[in-house]
Ligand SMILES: Cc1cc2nc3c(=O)[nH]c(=O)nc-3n(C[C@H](O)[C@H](O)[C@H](O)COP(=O)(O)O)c2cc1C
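First, one chain by itself: the form predicted on its own, in structure tokens.
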Amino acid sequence: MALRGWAGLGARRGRRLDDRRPSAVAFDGLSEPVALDAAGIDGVVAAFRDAALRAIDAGFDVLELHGAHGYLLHQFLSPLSNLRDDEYGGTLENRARLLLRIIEEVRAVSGDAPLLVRISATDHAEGGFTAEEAATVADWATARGADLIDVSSGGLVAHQRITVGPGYQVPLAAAIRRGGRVPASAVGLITAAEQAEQVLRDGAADAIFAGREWLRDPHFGLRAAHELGAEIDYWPPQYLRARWR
């Protein structure tokens, strides 16, 4: 089936009307949120399920749960933002409980649509969510129906320390992938066709996700295919005369 659309499902810091979070811990410069109670957590699970149903009804082919970059699911995963002492806090299993419940609910209503889960594999901050924990959560997520883990990092706290460079997040994808046990995608300053292809050849990831390069060059996919000598069948007819020779 041709890709008609990609629906991302997430709840962002400061974007929910009631501004409720795992714990009453504010991001720097923002007002203190209210910790979700049990009924609120159940409501979040139901909201994700309903969002998935709307996306499927609208004709989207791929669903992605956003559990990275300080979004609500990331807040539950990280001990920096999750200070709960109930079944949703403390141990990694408890901190991952909400994400795993949502995966199960969305998987149950999404049919054969591929289900991706985006995570921040490290908070880049002392005492935060780690790559080792992320690898374990990725195992649990795929066991419950996730088809691929979209591996990013950071975005939860203002005091994160990130060393940025070409492909700087690829090692995190490799750690999540665990030699092919868990399907994973790589992101992070992947801007050239050969660079992306090398990541795949090295076995660090199963797919490359690029965003900013497509903003700079909306035809990056077509150009990359040309540079790699790949034959593709989705050139728009009106573009055929403009193909690279």
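Just count from 1 along the sequence shown to find any residue number. All of these numbers come straight from a predicted model, not from anything done at the bench.
Form predicted in complex with the ligand: not shown, discussed below.
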Inset, instruction - Identify, from the list Leu36, Leu63, Val187, Ala196, the residue with a heavy atom within 4.5 Å of the ligand in the predicted bound form. - result: Val187
Legend entry - Among the candidates Ile56, Val45, Ala207, Ala210, the residue which, in the predicted bound form, approaches the ligand to within 4.5 Å (heavy atoms): Ala210
Legend entry - Stretch from 197 to 205, 210 to 218, 177 to 185, 45 to 53 whose residues place a heavy atom within 4.5 Å of the ligand in the predicted bound form: 210 to 218
Inset, instruction - Classify Arg118 as contacting or not contacting the ligand in the predicted bound form by the rule of any non-hydrogen atom within 4.5 angstroms, answering yes or no. - result: yes
